[in-house]
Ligand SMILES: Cc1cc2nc3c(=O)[nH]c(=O)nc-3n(C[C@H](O)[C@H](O)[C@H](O)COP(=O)(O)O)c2cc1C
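Form predicted on its own, single chain, as structure tokens, below.
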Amino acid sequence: MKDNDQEKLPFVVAITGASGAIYGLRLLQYLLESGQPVDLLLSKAAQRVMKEEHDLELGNEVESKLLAYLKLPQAVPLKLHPLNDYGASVASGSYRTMGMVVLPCSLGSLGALAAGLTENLIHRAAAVTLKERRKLMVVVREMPFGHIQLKNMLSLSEAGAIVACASPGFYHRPESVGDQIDFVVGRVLDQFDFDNKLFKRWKEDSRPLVQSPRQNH
């Protein structure tokens, strides 16, 4: 997405209850810092994961606490939608968006999306994205995959979704966990044509070799 766009279409971000909420949080932070309007869908299970992995308790002040955690001002272009609000903008195909990502995508959400279920607003927004032929990306953070999960991923791919795993590369010589997170988030942004420099791309200027954990002992 180019910086000189007159009017940016909103981008739909869903964070579900898989381990790896940091990926969704970092994506949200990057988008809002860039001035990109975001429609956010946050499952209850995702909030539980944030509490377990980041000591982030959102309670009844979800939006304000989330922005404070991300060190963002309250005036950023963010819309947080309750998951039971089927009258929300993202529930309608006539509401124009640039696409949707589910990051991370839990196995339960994966199954619901593959089956075309609409038990909450995340499912409905994803179904709308597919039927309107917009980009839908689901990023699974799980291992290993069972037969059912593999079939669900194939079903989504055949329906037009982009299916990926939260699998950071190492050719960019990551020096921190943050570098690995940014690699995954940067690759997600690439799929939606967001210009970003979150990670060193293949054949760019080299970085110093990072010692492996074994070498540090």
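The first residue of the shown sequence is 1; numbering continues from there. None of these values were measured; they are calculated from a predicted model.
What comes next is about the form predicted together with this ligand, which does not appear here.
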Next on the checklist: in the model of the complex, does Val12 come within 4.5 Å of this ligand, counting heavy atoms only?
Outcome noted: no
Checklist entry - According to a 4.5 angstroms non-hydrogen atom cut-off, is Ser19 in contact with this ligand in the model of the complex? => result yes
Checklist entry - Though only this chain appears here, would Ser43 touch this ligand in the model of the complex if you measure heavy atom gaps against 4.5 Å? => result yes
Next on the checklist: My question is simply whether Lys151 lines the interface with this ligand in the model of the complex - judged by any non-hydrogen atom within 4.5 Å.
Outcome noted: no
Checklist outcome for this item: Checked Leu32, Ala161, Val49, Leu67 for heavy atoms within 4.5 Å of this ligand in the model of the complex; positive is Val49
Checklist entry - Among 84-92, 70-78, 129-137, 104-112, which stretch sits within 4.5 Å of this ligand in the model of the complex, heavy atoms only? => result 104-112
Checklist entry - Listed by sequence position, which residues of 132-169 have a non-hydrogen atom within 4.5 angstroms of this ligand in the model of the complex? => result Arg141, Glu142
